[in-house]
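Read the single chain below, which is given as structure tokens and is the form predicted on its own.
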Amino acid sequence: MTSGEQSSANDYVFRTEGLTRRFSGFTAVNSVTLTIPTGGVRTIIGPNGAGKTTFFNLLSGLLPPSEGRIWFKDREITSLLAYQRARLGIARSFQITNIFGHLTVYENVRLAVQAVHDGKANFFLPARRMGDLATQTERVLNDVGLSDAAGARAENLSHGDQRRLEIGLVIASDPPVLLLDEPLAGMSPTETHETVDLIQRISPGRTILLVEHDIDVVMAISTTITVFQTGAVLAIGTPQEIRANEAVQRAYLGELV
């Protein structure tokens, strides 16, 4: 599916039309018209300053556009705030790990699970509620491979485990769409391998939008790749198509060859 292509609500998760964001005269995202199909790992790549994270912030509602429109499935969401988009099933992680360091891994996930069901985080619950929350918390911990670390304080985890915990907090709501902004940043090779495995485990039944700089990982796990350059879309295609694209090769100085 190519940039600007029209499709039914069942075919895409996001569609943008002329999406633009300016900061004091600097255009970070420049009139992007893009359709992001449903399902798979949809990766956005590009050099620093290409507009990738700003584009994520526009999709998730952290920033309003200067111009343009955004649709999520069959609904226009241009004016919706971030929490309203989250309620539609759009979940987002960040470049900087966002967890409660003084709480245990289990407590972090339990509060995320509880917030989904109660709309708030509260340690003081009736006994009848604790069983359901415990079951769901254990499921999330198992999904992200942190069951053995449930009792550890989050601040004492390795960087890779902290990033996986953050993904656990994000998937506590079982979102159909997950935006991951550079989830592998700062990881060792072992941590990278474990986190890639996690992304692949949680991808079935979801659409994962990924911003990532590790080209080897991008080529290995992506269903499609969108290349940004100076705030605009340079190319869209499968990993094989992107690797063979001469314009992309020039932009990356041969890194993809």
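All residue numbers refer to positions in the sequence shown, first residue = 1. Remember, predicted model here, so these are calculated numbers, not experimental data.
The discussion below concerns the form predicted together with a small molecule, not included here.
- Message: Just checking whether residue 69 would be counted as a contact of the small molecule in the predicted complex - the rule being heavy atoms within 4.5 angstroms.
- Response: No, residue 69 stays farther than 4.5 Å from the small molecule in the predicted complex.
- Message: At 4.5 Å between heavy atoms, is residue 213 in contact with the small molecule in the predicted complex?
- Response: Yes - in the predicted complex, heavy atoms of residue 213 and the small molecule come within 4.5 Å of each other.
- Query: Using 4.5 Å between non-hydrogen atoms, is residue 48 touching the small molecule in the predicted complex?
  - Reply: Yes, contact at 4.5 Å.
- Message: Please determine whether residue 54 contacts the small molecule in the predicted complex, using a 4.5 Å cut-off between heavy atoms.
- Response: Looking in the predicted complex, residue contacts with the small molecule include residue 54, since a heavy atom lies within 4.5 Å.
- Query: So in the predicted complex, are 23, 28 and 182 all sitting within 4.5 Å of the small molecule, heavy atoms only?
  - Reply: Yes, the whole candidate spot contacts the small molecule.
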